[in-house]
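A single chain, nothing else alongside it, follows as structure tokens in the form predicted on its own.
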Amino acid sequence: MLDCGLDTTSVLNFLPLPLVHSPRLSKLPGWVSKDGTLNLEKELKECTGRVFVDSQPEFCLPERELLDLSTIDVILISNYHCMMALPYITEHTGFTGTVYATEPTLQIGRLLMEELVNFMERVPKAQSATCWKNKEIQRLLPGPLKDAVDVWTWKRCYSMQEVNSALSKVQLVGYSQKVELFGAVQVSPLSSGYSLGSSNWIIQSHHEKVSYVSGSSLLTTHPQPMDQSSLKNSDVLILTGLTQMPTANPDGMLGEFCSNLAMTIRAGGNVLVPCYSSGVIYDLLECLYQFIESANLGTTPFYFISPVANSSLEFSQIFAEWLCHNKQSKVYLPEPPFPHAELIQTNKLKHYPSIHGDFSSEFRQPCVVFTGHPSLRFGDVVHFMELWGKSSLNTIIFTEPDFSYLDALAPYQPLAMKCVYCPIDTRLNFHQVSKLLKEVQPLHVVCPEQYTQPPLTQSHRSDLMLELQPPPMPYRRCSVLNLPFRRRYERVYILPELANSLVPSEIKPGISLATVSAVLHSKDNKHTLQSVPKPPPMPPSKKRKRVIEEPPVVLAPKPLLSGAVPLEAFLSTLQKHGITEVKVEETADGHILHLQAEDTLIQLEEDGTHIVCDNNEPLRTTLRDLVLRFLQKL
């Protein structure tokens, strides 16, 4: 199984979880259908024309109907965003396999899961809404609830115990390390340049190679650069995880982020940045580090609030070997690879586990707050939305591309604070991926159907799709594809003593052949030729016999014949032996010679010669010997 991401967009259908009691949210009216036949006041609440579920937010899990997840042997993880559904799979499906991931992927994945669990458990909801999920009722609800897919499979968040149990099944791997799977294939991760420890995977047997490219970046940010050359000579390249923002240039967005932030602070307002606790935040802090002095923001406090803020900032400094070269070299100076270490030392950046405790006493405005969750449905961000949403001096800047910012803001409307959308998605865009595919030249490309046509909103933009020759093989949800593999060869090993006994004979200059009689031994998808065992001695028989019973003789194999019988030369040889009346007939596979006087047929074909001769053994033997003159014995 390649990756097991969690679809978190489902949480946009739920009301936010406030950290302190919110009079505004508690006063929202319940939803009743216009004709009054459906009354779901307890479960659904209405806010400025949109309907939300008033219950603990739930997540859309990976597909479980189509296949039995307990039959999966191995899960390969590309990056920490693509493993958030792991506990649902390892703990609830009977999965007994192994999960492979790099160390930063495991550790930062653990932080993100821990943060998610913490956000949910801090604000427990007593009731759980289930009636609205009934198919008959869901049909009658207003959109987007009406169109939500597979709502009956949505699940509440896992527990920390399940997270620990799931992550104990992860085996760590390093870039380019080859891991043998059941002797059938080898897998190895390559740097994908997208986030700390993010990987593309190569899956190969002795003769076939599949590359899985997901969440990759060619930009020079903090991770190790993408390894492109190892993707060459792929029979099939499975492509996914391209940028969700093909029209937004990350550098331009960073510039816009900084200028909007400075404008708000100068006007006396606060800036809220809903973000994940790892990843793009490192680049945002680095960008701000360079920008603060030039924009005279030296006195503005920056706060990073997350249950895992401290661990995240520290992890980024200790995973030196997973960083790009110039950050790696700083470790040996010794200097912290990321400038946020200096921001923390000089008290410009402060981090807190939550808004309770120290933060509330040290909090100064105007300030910049980085906090989660980007969906605005849970986490400390909900508190700041309630706190700052009523003032037009404040600004919220969205940098994560995973959620539609309009949907994220819907339960907070009407909202006075300014909203700026600067999605920073460093993953490959269509132009970069087309260039990459030209360089690595896979025989076949497999990708989601969406990549093969322009986006619905911009149907004229043919540059926002993949155009390849041959065209890529598209897949959609629940489709079953046959990958275009023709397994022609299998590698077989030969034992040294058996190899020793072979006698090659030259059939053409520089080409020798040897016949081999052996026993084929197959285990764990490895095939070995072994010597034929000698027959066991016969057990002594009860009847007394004077003759000692010999073991049965293993007959030497008949020599194999190779070569072709040339027609003209064979006819002249027949003439020399007094056979002159020969009628030659051409067939699809060769020739038939009819020896009329002798009433005999000789069929000469590419892979065999047949002599059909009635009751004339001496003639048959003579003809056989004449044919053998032209063939080589092995």
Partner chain sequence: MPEIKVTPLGAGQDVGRSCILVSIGGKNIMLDCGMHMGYNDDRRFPDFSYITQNGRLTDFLDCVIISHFHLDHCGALPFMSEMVGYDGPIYMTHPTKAICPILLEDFRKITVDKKGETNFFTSQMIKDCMKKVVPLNLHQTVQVDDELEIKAYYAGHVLGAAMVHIKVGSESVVYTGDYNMTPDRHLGAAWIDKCRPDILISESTYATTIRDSKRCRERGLSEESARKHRKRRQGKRVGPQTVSLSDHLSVQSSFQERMNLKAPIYFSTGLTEKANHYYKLFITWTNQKIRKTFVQRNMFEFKHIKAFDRSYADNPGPMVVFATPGMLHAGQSLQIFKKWAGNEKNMVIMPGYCVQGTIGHKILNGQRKLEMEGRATLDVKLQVEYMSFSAHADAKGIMQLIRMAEPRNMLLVHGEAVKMEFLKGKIEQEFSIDCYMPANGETATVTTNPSVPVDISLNLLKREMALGGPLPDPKKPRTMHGTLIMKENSLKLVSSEQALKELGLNEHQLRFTCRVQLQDPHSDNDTLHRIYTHLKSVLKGYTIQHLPDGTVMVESIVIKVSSSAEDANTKVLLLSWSYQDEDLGSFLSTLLKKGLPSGLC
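What you see is a predicted model, and the numbers here were worked out from it, not measured in a lab. Definition used throughout: the rigid core is the maximal C-alpha set that superposes within 1.5 Å between two forms. Residue numbers count along the first chain shown, from 1.
Separately, the form predicted in complex with its partner chain exists; it is not shown, and the next lines address it.
Heavy atom within 4.5 Å of its partner chain in the predicted complex: which of 143, 414, 470, 496 fits that? Just give me the one. Flagged contact: 496.
Its partner chain: the contacting residue among 317, 118, 395, 429 in the predicted complex [heavy atom, 4.5 Å]: By the 4.5 Å heavy-atom cutoff, the listed residue in contact is 317.
Does its partner chain get within 4.5 angstroms of any non-hydrogen atom of residue 103 in the predicted complex? Flag for residue 103 set to yes.
Close approach of residue 225 to its partner chain in the predicted complex, 4.5 Å, heavy atom: Contact with its partner chain, no.
Does its partner chain get within 4.5 angstroms of any non-hydrogen atom of residue 390 in the predicted complex? Residue-level check for residue 390: no, no contact with its partner chain.
Residue 559 near its partner chain in the predicted complex, any heavy atom under 4.5 Å? Output for residue 559 is yes: heavy atoms within 4.5 Å of its partner chain.
Interface segment, criterion being heavy atoms within 4.5 Å of its partner chain in the predicted complex, picked from 144-152, 453-461, 435-443, 529-537: That would be stretch 529-537.
Can you name the residues of 486-505 that have a non-hydrogen atom within 4.5 angstroms of its partner chain in the predicted complex? Residues within 4.5 Å: 487, 488, 489, 490, 491, 492, 493, 494, 495, 496, 499, 500, 502, 504.
Is residue 570 displaced by at least 2 Å at its C-alpha between this form and the one not shown when the rigid core is overlaid? It does shift by 2 Å or more.
Superposing on the rigid core, I want to see if residue 512 changes position between this form and the one not shown - specifically a Cα shift of 2 Å or more. Yes, the C-alpha position differs by at least 2 Å between this form and the one not shown.
Core superposed first: is there a CA shift of 2 Å or greater at residue 480 between this form and the one not shown? Result for residue 480: no, shift under 2 Å.
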